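Just the one chain here, laid out as structure tokens, in the form predicted on its own.
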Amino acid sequence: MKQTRRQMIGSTAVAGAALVVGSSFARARAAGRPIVIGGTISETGAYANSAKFQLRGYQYWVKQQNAKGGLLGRQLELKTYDDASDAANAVRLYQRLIDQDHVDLIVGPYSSEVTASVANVSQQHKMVMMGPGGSSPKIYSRGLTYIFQGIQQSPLYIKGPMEIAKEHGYKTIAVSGEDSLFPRSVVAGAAGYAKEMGMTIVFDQLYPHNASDYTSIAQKIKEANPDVVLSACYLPDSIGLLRALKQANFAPKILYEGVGPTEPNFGQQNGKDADGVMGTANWSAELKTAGNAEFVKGFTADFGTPPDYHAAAAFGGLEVLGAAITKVGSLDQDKLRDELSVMTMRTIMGTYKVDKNGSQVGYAAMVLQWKNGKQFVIYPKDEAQMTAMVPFPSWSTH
């Protein structure tokens, strides 16, 4: 009979794995040695713009925790490598972190595509891993027992813009995005939501990872003439698609572009053309969550730029891991796994809580929209800073 995650968590580790983990614990107890946290980040490649914020979130938490005395009476050290936005590179580097660098803890990389592969390394070595960069449910539905989602589940990202579309009576939708794990998981729920809300999908096509020309996809979207464009983008393709739609002189009633528009660089690179574009974030600088105001102020002072939700998710993930370590009183990976499976905790992101698969069920997704060079929360309504600017302005008004 197949074991559930809970049953597997309660099982006794096999002798070989126990030897591997046990030797790691013995090293971790070495007097005076820092606790080393290892991971990879996409410092180069397609995901670099967003990933740098995740890295800074990790760095800022380590700095703050060290100022408080570290953990278990020891200082913390962050050791990272550049995975170049490539899953195979990341797998090799996590193996190096564990087998050669002998890190005490690991944290997740950026993007669902990379996290999905690295999760297998976490499971193989029986080391817990917070996943603030992995939102796809497919990562957590494979029976893995050492990875925990530190961000909202991606299929829920488009619920907000679709509810806004329904409120305004819009009926037709174009679905697009990069053909990789995260974007596919974002738009996967579009058909179900459309049926539920009485809408029709008139265009559904993804474009290749690392695409450089969005002219063709923009023209096809224009020909379909949808009320709403839902495209699950990272920063580079969100900019490319926006410019291609402008060149095609097509302005839908609602333009949603995934997580790309939530980056400060989106507004800087697009100027007035960014006005009206929607994106999904898991966090806002305006949230009244515990420690959020201090986080925003301190992060901005350290890095010279405000944090985005990737930075907040990384910081929040380490808030949770640090609390679990303090509760357990050691770096015992199985005990940490057990604690992370059942704990509920307030972080700057909201309330951390996972289900039996390690999927996040506590955090909420928010829709942000650009207006006059700034981003504002427009959904959910109880967190909204302004009413949604609908319809999307025509290009002649930009």
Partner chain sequence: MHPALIGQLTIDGLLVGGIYALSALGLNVIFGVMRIVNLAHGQFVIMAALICAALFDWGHVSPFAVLPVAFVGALIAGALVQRAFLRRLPEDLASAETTSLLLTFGVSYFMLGLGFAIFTGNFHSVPYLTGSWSIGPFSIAQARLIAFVTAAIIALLLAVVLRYTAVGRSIRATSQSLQGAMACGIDVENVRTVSFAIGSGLAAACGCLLSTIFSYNPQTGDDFTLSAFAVIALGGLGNYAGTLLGAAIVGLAISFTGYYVSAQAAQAAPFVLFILILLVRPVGLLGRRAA
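Whichever C-alpha set is largest while still superposing within 1.5 Å between the two forms counts as the rigid core. Residue numbers count along the first chain shown, from 1. Keep in mind it's a predicted model, so treat the numbers as computed, not measured.
Below, we turn to the form predicted together with its partner chain, even though it does not appear here.
**Q** Y207 versus its partner chain, in the model of the complex: is there a non-hydrogen atom within 4.5 Å?
**A** Yes, Y207 lies within 4.5 Å of its partner chain in the model of the complex.
**Q** Taking its partner chain as it sits in the model of the complex, is K171 in contact with it (heavy atom to heavy atom, 4.5 Å or less)?
**A** Because no heavy atom of K171 falls inside 4.5 Å of its partner chain in the model of the complex, the answer is no.
**Q** Using the partner position in the model of the complex, report whether Q268 sits within 4.5 Å of its partner chain, counting heavy atoms only.
**A** Output for Q268 is yes: heavy atoms within 4.5 Å of its partner chain.
**Q** Evaluate E43 for contact with its partner chain in the model of the complex, applying a 4.5 angstroms cut-off between non-hydrogen atoms, and reply yes or no.
**A** Although its partner chain is absent here, E43 would touch it in the model of the complex, with heavy atoms inside 4.5 Å.
**Q** Would you mind picking out the stretch of 59 to 67, 46 to 54, 334 to 342, 364 to 372 that comes within 4.5 angstroms of its partner chain in the model of the complex, counting non-hydrogen atoms?
**A** Going through the listed ranges, the match is 46 to 54.
**Q** Only one of Q75, Q219, T200, N225 comes within 4.5 Å of its partner chain in the model of the complex by heavy atoms, so just point that one out.
**A** That would be Q219.
**Q** Could you spot which one of E294, E196, D213, E167 gets a heavy atom to within 4.5 Å of its partner chain in the model of the complex?
**A** Residue within 4.5 Å of the partner: D213.
**Q** If you apply a 4.5 angstroms heavy atom cut-off, which residues in 178 to 196 are near its partner chain in the model of the complex?
**A** If the 4.5 Å heavy-atom criterion is applied to its partner chain in the model of the complex, 178 to 196 yields only D179.
**Q** Once you line up the core, how about D86: does its CA shift reach 2 Å between this form and the one not shown?
**A** Yes, the C-alpha position differs by at least 2 Å between this form and the one not shown.
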